[in-house]
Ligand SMILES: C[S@@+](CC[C@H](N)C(=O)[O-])C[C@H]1O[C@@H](n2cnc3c(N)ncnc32)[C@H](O)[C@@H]1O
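In the block that follows, a single chain appears as structure tokens, in the form predicted alone.
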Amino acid sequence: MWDRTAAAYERRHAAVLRRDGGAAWGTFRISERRLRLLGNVRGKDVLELGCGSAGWSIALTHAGARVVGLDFSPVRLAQASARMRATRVRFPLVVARAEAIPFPDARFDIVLSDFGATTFTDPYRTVPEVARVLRAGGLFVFAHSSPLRSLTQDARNDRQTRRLMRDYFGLHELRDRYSVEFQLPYGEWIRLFARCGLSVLSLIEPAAPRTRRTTYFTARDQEWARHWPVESIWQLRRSQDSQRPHRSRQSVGRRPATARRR
């Protein structure tokens, strides 16, 4: 899907994605200067999961970080390479799956994903991998759809409603005609983080701004998002202890018995 739609995606959203030099969060592009979720990145080893055209990675490289951009789509990475040439920066780009990150344990100080790989990969596989490659005290920050958005979305027409459209219990794999996304109930997110040695520092659920439009939503859905959270931005820290999470889904990422696919 991403290989097929990458060019159209960039044409539609390029101006929004370039806001604040690329260092902005979520569909409403809230500046990192305002949220300060990553802290001082100078000299830090940073992994961007699902980097797409690498706006975040380019911005963080300019800020002095040592960045690696990872994406599953070769077409998206080709766009990233073009953006790197245009902005005269260089850093490694890796074609890989976020469920099997091709780096050793404790390799990075920061892992981030801004509606990137964490949206399209199974959290029971991806979160343990992120914890594995993070150093003790390292940060994992990711922007993701809120569970409430998933519960109230009319998937057939791709719009938000004021009705509950699916069960909350058992949220996991959400398929539509075009792709698959993943979501968990809030409590299960927190339990999964804890099993992986990640503690929650902050959860930001921004309301849609009244004065700034985004190309990600219609005016109708942006009005919806002024009343209910459409996205969640999680800030997590890897525990300081030396124990590393096991890579097996069975021991770390097992779904509870009540969870079921939809």
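The numbering used is simple: start at 1 and walk along the sequence shown. This is a predicted model, so every value here is computed, not measured.
Absent from the display: the form predicted together with the ligand. The rest refers to it.
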property	result
The ligand: the contacting residue among Ala131, Ala80, Ala117, Val141 in the model of the complex [heavy atom, 4.5 Å]	Ala117
Listed residue (Leu70, Leu60, Val230, Leu236) with a non-hydrogen atom within 4.5 angstroms of the ligand in the model of the complex	Leu70
Candidate site Leu37, Gln183 and Phe193: all three near the ligand in the model of the complex by heavy atom within 4.5 Å	no
Touches the ligand in the model of the complex: Val127 (any heavy atom, 4.5 Å)	no
Glu48 within 4.5 Å of the ligand in the model of the complex, heavy atoms	yes
Close approach of Ala96 to the ligand in the model of the complex, 4.5 Å, heavy atom	yes
4.5 angstroms heavy atom contact with the ligand in the model of the complex for Ala23	no
Answer range among 165-173, 108-116, 84-92, 132-140 for contact with the ligand, defined in the model of the complex as heavy atoms within 4.5 Å	108-116
Residues of stretch 74-90 in contact with the ligand in the model of the complex (4.5 Å, non-hydrogen atom)	Arg76
